[in-house]
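The chain below stands alone and is given in structure tokens; this is the form predicted alone.
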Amino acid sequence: MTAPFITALEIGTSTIKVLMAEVREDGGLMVAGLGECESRGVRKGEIVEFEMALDAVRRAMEAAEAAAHKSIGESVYLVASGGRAESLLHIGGIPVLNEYEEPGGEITREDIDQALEVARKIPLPDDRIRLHTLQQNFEVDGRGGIVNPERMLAEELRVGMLLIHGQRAVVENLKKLTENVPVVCTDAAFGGFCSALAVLTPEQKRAGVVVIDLGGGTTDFIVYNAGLVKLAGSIAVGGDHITADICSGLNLNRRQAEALKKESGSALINRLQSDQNISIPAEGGFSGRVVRAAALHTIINSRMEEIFKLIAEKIEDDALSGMLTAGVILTGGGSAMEGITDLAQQVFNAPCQVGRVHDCVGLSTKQEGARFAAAIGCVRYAASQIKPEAPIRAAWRTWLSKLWGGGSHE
């Protein structure tokens, strides 16, 4: 049997990424082609200039096809980053009845299915779209943490569902963009969830961990504990905001600021480098000049600390701060910045490392794995959604089910 061939598309603020991969029988991935180009017409994960964004997506797809020596085909899976994604915990339950239709009985498979169905019916405003509905543990007569309640005696069965949802208009505009390529958008998956699927081990998920995907216009995050997703979201701040801060703080144009950030930037303020000078060449009508490293690092540190603290506050609000035994895992382009893991460790008071993609062949460097983590995880997500007997092209119905109140499951 031929392994499923899947294409993931990530439309980011800084870059457009396309990853073509095959899923092996053992669940590992074989990357066939990578395509990447500078993003245009996208800001904070949202399309602001349709034709420019469309051209960039087509160029990234062409690059991936050239690398893979094969066509993408009819469909892609979309990484939905940004869109101000949020998570919502909903708990639904049913009474457990005995054979005489009286309270108190043995929990059956039918009871479990009914409780799950009730919990999945989470109302959302019209401007929001569900991306994932992720099951939590069961409660039996108020006792939580039950993994499988079948055959237990109880009067009430409850189960939690964590809904990850985004802005409908943002996600549907991204879908419309793919249709104009033209390819079918089979499904969309939250970028933070995808990154976690690429870099986390089952042990890390059980111990408690937060994955932070540092993008250009947005930063996605997702928290696991006891093997389950407990919190997810996106904030509309990313690497592009650091570049803009450098522009205004040091009076540089965008190209100068971006180059300075990549070549000499650090998320930590190093007192030993406070007197170090950095020469900046003239570019785009802006004259060349010399800036102090301390000034650059102070600007970067301030913005990165703000991003991490915003996420830390959300984790604390959900009483999850003390449950990050496996620490913080960073992915995305921003994870390559010098000092970034040390700063995250300070803010979260937990160990931090750059994510390493597992069970994936075909990436040239570890850094490339961290940058493409969301796309790699999107392929894993797609593989989990495809039924062996059903062709990939038929999975477009999943998208329609979302529009009518359905949802995807892990």
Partner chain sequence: MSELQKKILVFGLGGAGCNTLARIAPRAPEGMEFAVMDCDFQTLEACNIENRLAVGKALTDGLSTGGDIEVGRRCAENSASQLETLLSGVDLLMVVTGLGGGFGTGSAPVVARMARHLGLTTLFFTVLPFPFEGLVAQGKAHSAVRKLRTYADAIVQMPNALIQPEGDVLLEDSLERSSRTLAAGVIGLWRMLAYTGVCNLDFSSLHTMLSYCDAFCRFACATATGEGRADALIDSLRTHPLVADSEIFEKAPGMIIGITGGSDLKLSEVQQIAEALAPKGEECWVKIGLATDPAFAGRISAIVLAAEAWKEPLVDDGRGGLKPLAGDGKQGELPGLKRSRTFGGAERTIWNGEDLDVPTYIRRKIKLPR
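Only a predicted model underlies this, so the values are computations on that prediction, with no experimental measurement involved. Numbering follows the first chain given and starts at 1.
Just so you know, the form predicted together with its partner chain exists too; it's not on screen, but the next bit is about it.
Asker: Just give me the single entry in Leu97, Val147, Ala244, Ala319 that has a non-hydrogen atom within 4.5 angstroms of its partner chain in the predicted complex.
Answerer: Only one listed residue qualifies here, and that residue is Ala244.
Asker: To verify the annotation, which of these, Ile278, Ala226, Ala295, Met323, has a non-hydrogen atom within 4.5 Å of its partner chain in the predicted complex?
Answerer: Among Ile278, Ala226, Ala295, Met323, a heavy atom within 4.5 Å of its partner chain in the predicted complex occurs only for Ala295.
Asker: Within 4.5 Å, heavy atoms only, one stretch in 120 to 128, 193 to 201, 134 to 142, 69 to 77 touches its partner chain in the predicted complex. Which?
Answerer: Contact criterion met by 120 to 128 only.
Asker: Would you check, heavy atoms only and a 4.5 Å threshold, whether Ser234 touches its partner chain in the predicted complex?
Answerer: Close contact exists here: in the predicted complex, Ser234 approaches its partner chain to within 4.5 Å, heavy atoms only.
Asker: Report yes if any heavy atom of Gly105 sits within 4.5 Å of a heavy atom of its partner chain in the predicted complex; otherwise report no.
Answerer: It does not: once its partner chain is placed as it appears in the predicted complex, Gly105 has no heavy atom within 4.5 Å of it.
Asker: Lys44 near its partner chain in the predicted complex, any heavy atom under 4.5 Å?
Answerer: Within the cut-off, so yes.
Asker: Decide whether Ser248 counts as a contact residue for its partner chain in the predicted complex under a heavy atom distance cut-off of 4.5 Å.
Answerer: Judged by the heavy-atom cut-off of 4.5 Å, Ser248 is in contact with its partner chain in the predicted complex.
Asker: Would you mind checking 293 to 312 for residues with a heavy atom within 4.5 Å of its partner chain in the predicted complex?
Answerer: If the 4.5 Å heavy-atom criterion is applied to its partner chain in the predicted complex, 293 to 312 yields Ala294, Ala295, Thr298, Ile299, Ser302, Arg303, Glu306, Leu310.
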